[in-house]
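In structure tokens, one chain follows: the form predicted alone.
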């Protein structure tokens, strides 16, 4: 099982980004403060519905936005499982369709 796709909307420094991952090794390359750790944190938040960096979900939402959304596709041997987590200033709403 592996994460095959990730989409972020209004998450930390990302307005919108869509990524596809290989089942093999994936490498994130970039300058300091470009968002590499934010991508890893987004994967962690999608998996566990909490951040390893902060207890305040509001810090995960872009300053000018009302919400942040993390969407992913987990590839399993029997197919894909879509995952979605929407963070707002009021609540978290996870969604998975198995």
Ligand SMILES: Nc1ncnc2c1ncn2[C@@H]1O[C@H](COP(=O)(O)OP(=O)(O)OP(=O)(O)O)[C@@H](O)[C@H]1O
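Residue numbers count along the first chain shown, from 1. What you see is a predicted model, and the numbers here were worked out from it, not measured in a lab.
Form predicted together with the named molecule: not shown, discussed below.
Is there a non-hydrogen atom of residue 66 within 4.5 angstroms of a non-hydrogen atom of the named molecule in the model of the complex? Taking the distances in the model of the complex, the answer for residue 66 is no, it never comes within 4.5 Å of the named molecule.
Is it the case that residue 71, even though its partner is missing from this view, gets within 4.5 Å of the named molecule in the model of the complex, heavy atoms only? No - in the model of the complex, heavy atoms of residue 71 and the named molecule never come within 4.5 Å of each other.
Proximity of residue 52 to the named molecule in the model of the complex, heavy atoms at 4.5 Å: The answer is no: residue 52 has no heavy atom within 4.5 Å of the named molecule.
May I ask you to check whether residue 61 falls inside a 4.5 Å heavy atom distance of the named molecule in the model of the complex? Looking in the model of the complex, residue contacts with the named molecule include residue 61, since a heavy atom lies within 4.5 Å.
Residues in 12 to 47 with any heavy atom within 4.5 Å of the named molecule in the model of the complex: Residues within 4.5 Å: 12, 13, 31, 32, 33, 34, 35, 36, 37, 38.
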